[in-house]
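Read the single chain below, which is given as structure tokens and is the form predicted alone.
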């Protein structure tokens, strides 16, 4: 069950099967929202699962497309929710990886125009990436007369609750220069909120700019490979020794498949078992690649295997 026979099989596993799978892996990568916690509530047993995995010598990482907070704030949230042994270097967010890409891969020699929240801005600041200072645009300022910075070499789009027409228009102007990089933290179209409401994600804002600029963004977060390359570069991870656990087929599971990892879907977040089974029968290659190898109700199911 733990080997290649499980690839894309959408097998529901428990107990001894989870134990066998974990014994075959050295590294476990978790998504956060919908897997480790929901809002300000930890998934039942999650702190104990992380503690036991580390106690048994597994390397545990948290790979999230949520760019709203910097890594140091994630550490505080983990602590607040009862996780006692999560360090900053265990956390790879789309904001952190976007900053790493701009600094280490693109090596931008100039400024970055950011559509994004505090988490994105703080990670860029931590990485020493220069941003365009936010203008205090008044109600009468328009794209016809607002200042544009001639030193902008990249546009980065992330989650931004203050997204507006002027930000979109400025980004369009910068992207008319074909030498200006166009990056997005992640492709997530929406995020669930309490009470059944949703909020548009980074992918929605990126889509608006892609349409307006007639350009395609380079996406840093899942399901692209760069986030795994970030971790592998720092910790020498072997994909075959790694398991990706997530709640979203089109990002978490597809990310794992793209990177050569075994994949597991938990049913405590966005995607359902019915959707996974429908994808299994799809003619779309991308949907087939989004089918998990394994399915569990919750990472609480790990406890039985870890406590034996």
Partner chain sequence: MAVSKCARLSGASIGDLLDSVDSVLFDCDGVIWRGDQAIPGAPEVINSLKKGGKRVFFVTNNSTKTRKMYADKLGKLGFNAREDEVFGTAYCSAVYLKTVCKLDGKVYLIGSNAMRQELETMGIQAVGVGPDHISGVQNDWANVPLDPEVKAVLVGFDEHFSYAKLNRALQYLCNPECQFVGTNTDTRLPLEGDKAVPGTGCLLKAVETAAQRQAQVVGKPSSFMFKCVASQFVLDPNKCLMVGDRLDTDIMLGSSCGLKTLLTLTGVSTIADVEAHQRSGCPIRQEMVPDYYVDSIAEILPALQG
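Numbering follows the first chain given and starts at 1. As the structure is a computational prediction, the values presented were derived from the model and not from experiment.
Unshown form predicted together with its partner chain; subsequent notes refer to it.
Visitor: Going by heavy atoms within 4.5 Å, which of 222-230, 152-160, 107-115, 89-97 lines up against its partner chain in the predicted bound form?
Guide: Result of the contact check: 152-160.
Visitor: Is residue 68 close enough to its partner chain in the predicted bound form to count, meaning some heavy atom within 4.5 Å?
Guide: Residue 68: yes, in contact with its partner chain in the predicted bound form.
Visitor: Taking the shortest heavy atom distance, is residue 203 within 4.5 Å of its partner chain in the predicted bound form?
Guide: Residue 203: contacts its partner chain in the predicted bound form.
Visitor: Would you please decide whether residue 80 lies within 4.5 angstroms of its partner chain in the predicted bound form, comparing each non-hydrogen atom pair?
Guide: Contact with its partner chain, no.
Visitor: Check whether residue 190 has any heavy atom within 4.5 Å of a heavy atom of its partner chain in the predicted bound form, and answer yes or no.
Guide: Although its partner chain is absent here, residue 190 would touch it in the predicted bound form, with heavy atoms inside 4.5 Å.
Visitor: If the cut-off is 4.5 angstroms on heavy atoms, which of these, 131, 75, 143, 127, is the one near its partner chain in the predicted bound form?
Guide: Of the listed residues, the single hit is 143.
Visitor: At 4.5 Å by heavy atoms, is each residue in 249, 287 and 306 next to its partner chain in the predicted bound form?
Guide: So, no: the whole triplet misses its partner chain.
Visitor: Which residues from 276-302 come close to its partner chain in the predicted bound form, meaning a heavy atom within 4.5 Å?
Guide: Nothing in this stretch is in contact.
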